[in-house]
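Encoded as structure tokens, the following chain is the form predicted on its own, with no partner shown.
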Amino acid sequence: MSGAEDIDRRRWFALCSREDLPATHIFETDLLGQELAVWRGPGGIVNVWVNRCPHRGIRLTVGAIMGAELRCAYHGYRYTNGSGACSAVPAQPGRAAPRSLCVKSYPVLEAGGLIWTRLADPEPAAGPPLDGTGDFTPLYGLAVKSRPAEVAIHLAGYRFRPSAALAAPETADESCSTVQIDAYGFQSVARKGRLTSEVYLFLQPVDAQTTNIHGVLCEVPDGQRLEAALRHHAQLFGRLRDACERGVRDRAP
């Protein structure tokens, strides 16, 4: 493993938004080629697990959440919220579950309305640039068939309008600046007169050829303003995806 790969495994990455984890839903995603199952148990605990049952390797995302446990769909083995330890083997109801059966789990943080994890156990290379305080609105995420470095080039030119100005005509006094805060994160600020909106954009390297974009608006618009802001960024993300994937196709032999 190279030094850069080791740093990436110790880095916190956004996986999804809090809205992606309703009750009884197991969210499926990949990070750096590792399949993950993400779900929220009782007490608000978020679990990020390897997406394989340690018994026979069936994907846990085809299983079901049963209260404080996740049940594998194949033989019904159940694994405990918060620890991943096997709690029950249906074929052996009178015996304790083997201690050796435990789903590998990863550290979890909730920050800025997003769910974050890292794949390596040592101290992280860097923490998320957002904390758990403040008002945040997660934007609709998007998958792009392109490498993170290529997506980053397009995100460096990300431009949007302030949320409070979306119902008004565009004017010459509008501006937007985007700066890269690290290899996988960007901060973008849009202004129009006294109106200002701030957005953080994060890249999730799914695998060697796919990148997910996660965004956070640093405000909570109400009513129609919220719908307009979400729609505005969804359209911009879509155009950015199309530009990235068009570039990949143009370079293909």
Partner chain sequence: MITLYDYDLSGNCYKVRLLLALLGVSYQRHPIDFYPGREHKSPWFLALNPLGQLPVLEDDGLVLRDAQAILVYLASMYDSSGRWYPAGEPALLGVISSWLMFADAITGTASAARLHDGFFYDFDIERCRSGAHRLFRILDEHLWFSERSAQGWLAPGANPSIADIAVYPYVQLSEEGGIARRDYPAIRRWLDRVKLLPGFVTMPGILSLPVHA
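Residue numbers count along the first chain shown, from 1. Quick caveat: nothing in here was measured; it's all calculated off a predicted structure.
Missing here is the form predicted in complex with the partner chain; even so, the following discussion is about that form.
Segments offered: 135-143, 98-106, 176-184, 83-91. Contacting the partner chain in the predicted bound form at heavy atom distances within 4.5 Å is 135-143. Though the partner is left out of this view, Arg241 does reach within 4.5 Å of the partner chain in the predicted bound form, counting heavy atoms only. At the 4.5 Å threshold, heavy atoms of Tyr200 stay clear of the partner chain in the predicted bound form, well away from it. When contacts are judged by a 4.5 Å heavy atom cut-off, Arg71 counts as touching the partner chain in the predicted bound form.
When the partner chain is considered in the predicted bound form, Gly44 lies well away from it, no heavy atom lying within 4.5 Å. Taking a 4.5 Å heavy atom cutoff to the partner chain in the predicted bound form, the contact residue among Leu32, Met66, Val189, Leu195 is Met66. Shown here without the partner chain, the chain has Leu226, Glu227, Leu230, Arg231, Ala234 in 215-236 lying with a heavy atom within 4.5 Å of that partner in the predicted bound form.
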